[in-house]
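One chain follows as structure tokens, the form predicted alone.
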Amino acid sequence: MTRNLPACLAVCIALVAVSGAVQANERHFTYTYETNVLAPGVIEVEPWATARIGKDRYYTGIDNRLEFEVGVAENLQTALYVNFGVEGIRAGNTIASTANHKGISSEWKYKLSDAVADSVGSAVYVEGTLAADEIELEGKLLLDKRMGNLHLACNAVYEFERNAAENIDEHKLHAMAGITYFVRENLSMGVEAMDSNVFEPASPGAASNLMHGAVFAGPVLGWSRGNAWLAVSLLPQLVGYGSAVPSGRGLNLDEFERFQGRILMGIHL
């Protein structure tokens, strides 16, 4: 597909395949998932907010998710999300804001091995989203490893999106990776990176091609206290590519934004 994806995944596997204590279900990255799951019967509420800023012209998007997670059985958890957001786009001399409901999502996550007790932590993750004019299916392979004060994680992601309004099918491949250092057991600071690729037909009926791609990277901060935790990141776009991007442009500001930032919070009930 794209040489960035397997290269990133190979680096992730090399990093986590070394030897080392992840506890509870705190997240220390905002885009990269870790392998830990809730214990059976434990419930957690997670509000999300993702800011997407800057395209070819003025653009601001805020995506919100409200997640309800529950441990179903040993090594298995599920979650239900409610998705909504708002977009601001310049139209002439005015900025038009549009609020939208982006449907509901169902998540299932199963841990295969532990990031501390085993040589590599691993898990599989599936998610489905149903909206008024869109269906999304997503699968992830999750890997991570805790080594003393260092925590490393990476994900390989496939996503299928069916847009009924535009009659377009999109296939997306993503690779996420992060490394963080625990300054204290409840405070971590690190770096997170994401490579996103969008495959779609250049015209109706044509074969899908790599139309859009971009690499993001930036700092991430994690904090926890008692039954609550927080993770914050800011990821500027470093490079853009794809057949829909003019040669030599540098960034892909058609499909993606100049900056993405995310804040997650979790509260154990």
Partner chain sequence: MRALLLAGVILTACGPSAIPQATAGDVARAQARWPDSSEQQLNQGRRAYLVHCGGCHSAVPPARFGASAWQGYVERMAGKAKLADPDKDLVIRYLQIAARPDSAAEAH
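Numbering follows the first chain given and starts at 1. Predicted model only: the values in this text are computed from it and were never measured.
The protein also exists as the form predicted in complex with its partner chain; that form is not presented, and the subsequent description refers to it.
For the three residues S106, M194 and H212, verify that every one has a non-hydrogen atom within 4.5 Å of its partner chain in the model of the complex; reply yes or no. Checked in the model of the complex: no contact with its partner chain for any of the three.
If the cut-off is 4.5 angstroms on heavy atoms, which of these, A99, A165, A117, A91, is the one near its partner chain in the model of the complex? Checked against the cut-off, the match is A117.
Would you kindly say which of D63, E67, E200, E26 lies with a heavy atom within 4.5 Å of its partner chain in the model of the complex? Partner contact (heavy atom, 4.5 Å) among the options: E26.
Within 4.5 Å of its partner chain in the model of the complex, counting heavy atoms only, one of 32 to 40, 213 to 221, 230 to 238, 48 to 56 shows up; tell me which. Among the listed stretches, the partner-contacting one is 32 to 40.
Going by a heavy atom distance of 4.5 Å, is M147 a contact of its partner chain in the model of the complex? Yes, contact at 4.5 Å.
N155: heavy atom within 4.5 Å of its partner chain in the model of the complex? Flag for N155 set to yes.
For S188, is any heavy atom within 4.5 Å of its partner chain in the model of the complex, or not? Because no heavy atom of S188 falls inside 4.5 Å of its partner chain in the model of the complex, the answer is no.
4.5 Å heavy atom contact, D133 to its partner chain in the model of the complex: It does not: once its partner chain is placed as it appears in the model of the complex, D133 has no heavy atom within 4.5 Å of it.
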